[in-house]
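To begin, one chain is listed below as structure tokens, in the form predicted on its own.
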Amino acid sequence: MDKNAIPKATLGRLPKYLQYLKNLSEDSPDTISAAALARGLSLGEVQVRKDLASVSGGGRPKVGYIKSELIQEIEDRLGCNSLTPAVLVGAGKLGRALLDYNGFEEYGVRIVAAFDCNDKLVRKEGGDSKDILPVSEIYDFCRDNSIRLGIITVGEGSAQSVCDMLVKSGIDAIWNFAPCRLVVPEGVLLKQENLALSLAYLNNQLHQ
């Protein structure tokens, strides 16, 4: 089974399955069927079967899935047991919102620090708070912490230079929120996020 072949929609539902399974009472049966999961999450049974088939081959007719094994398989596929550390560049409102959001860990990613060129935004608090560091420290930080994933939340004018900086720091994958297309070397993954376009799509659907 190709681990990279999971559809985006399926990936978005996996944390729901995981949370549901973990919240079942200790005295519940050791197995669970796709039909039971579908009822519990108000999803279609066919959809649930397809989703689970992308992460597990352990379902048996009239028996279902062994809960503990299914939980482990979903966690492995999401990378919950081996979180990928990521850094963020641009600690404005959007950047700080992403930095303080813990939901990414359900998908196997943990933002460990942010960087910004504005000294007023720098904070080194330790503990549970994530540091915002001077952008000049990004090279050493990424190399010392084996960072391979970077997030860009700066303005359009500086996005490409930040992108180049991340690439030079050893980053292999970039999630870009700046409203522009970036140029990356061959072998570097790039995902463009256009918030305005997504909102425009929803607005258009309202008026259909």
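Bear in mind the structure is a predicted one, so any value in this text is a computation, not a measurement. Residue indices: 1-based, along the sequence shown.
Note that the form predicted in complex with a further copy of the same chain isn't included here; everything after this is about it.
- a further copy of the same chain is not shown here, but in the predicted complex it comes within 4.5 Å of a heavy atom of Ile174.
- Mapping the unseen interface onto this chain, Pro179 counts among the residues with a heavy atom inside 4.5 Å of a further copy of the same chain in the predicted complex.
- The shortest heavy atom separation between Ile151 and a further copy of the same chain in the predicted complex is within 4.5 Å.
- When contacts are judged by a 4.5 Å heavy atom cut-off, Glu137 does not count as touching a further copy of the same chain in the predicted complex.
- Considering a further copy of the same chain in the predicted complex, the lone stretch of 142 to 150, 32 to 40, 61 to 69, 161 to 169 in range is 142 to 150 [heavy atom distance within 4.5 Å].
- In the predicted complex, the residues of 52 to 79 lying within 4.5 Å of a further copy of the same chain by at least one heavy atom are, in order, Arg77, Leu78.
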